[in-house]
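First comes one chain, alone, set out as structure tokens in the form predicted on its own.
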């Protein structure tokens, strides 16, 4: 197997630095779902917001499907579910497209695929999906991190040619643990300290201790670029670059925050051996059998489903 050059060394000893980004931000130049202004904003900020992706019927259907999965004891006991470290409530459900035809249709939504294909410059596949559940009063935080640092170090993703789509199934207010992003942070790679422990993912999905930036790195980026907190109505979406620094606070309000994450990777950026771990993470965290996604008309899936109570 050809040895890959590590453009973004991390999990280092000594001093962790901010390295310059070596990959393009927008990889394609063909027309599609996104306007030139949106492409320019993504290139500058590392994220954009897409309003009104889903209609009321589709939101209702997805909310019911998410609740069905959350209540499933079979899923809760499976490797796909991550529970809160203190309450034991379900925190995340991974690979949702493998346990739900509805979510399998959502991740192939023609408007989503058109946008990510523009950004990534061609065919894409799913690297990872998950439902992030932040119930009212008890939903815990997700600490600041760059997804790419983990995907590079522990999954073997060679380059920054992937995006995350966070689809809001409930309103994301400024006070119920919404996604926070550091605009412009995608232009730096924050090296992280410490060697990756064996089986690190088993702990990191509950509380991440390795693969997180230093206080000094975060302070510099925030002083330079600030923090954005997009308010989202249910049915809207944030698309953000794989290297954009982000996190979210705990939710101590009565308002739940439920988002579906779908991570799209370029078919030209498939996973290699991990760059800073002894073994690759399981399939539901890093897909090593890529299959090019074909778009679907999600409205047809919604119309085929029986009506659900509000």
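Note that the structure is a prediction, hence the values are computed from the model and not measured. Positions refer to the first chain, counted from 1.
Unshown form predicted together with a further copy of the same chain; subsequent notes refer to it.
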item	value
Of 75, 126, 187, 229, the one that lies within 4.5 Å of a further copy of the same chain in the model of the complex (heavy atoms)	229
Option touching a further copy of the same chain, based on a heavy atom within 4.5 Å in the model of the complex, out of 198, 101, 79, 141	141
In the model of the complex, residue 254 touching a further copy of the same chain (heavy atom, 4.5 Å)	yes
Partner contact for residue 266 in the model of the complex: a further copy of the same chain, 4.5 angstroms, heavy atom	no
In the model of the complex, residue 234 touching a further copy of the same chain (heavy atom, 4.5 Å)	no
Exercise: residue 28 in contact with a further copy of the same chain in the model of the complex, heavy atom 4.5 Å	no
In the model of the complex, segment of 44-52, 270-278, 60-68, 244-252 with a heavy atom within 4.5 Å of a further copy of the same chain	244-252
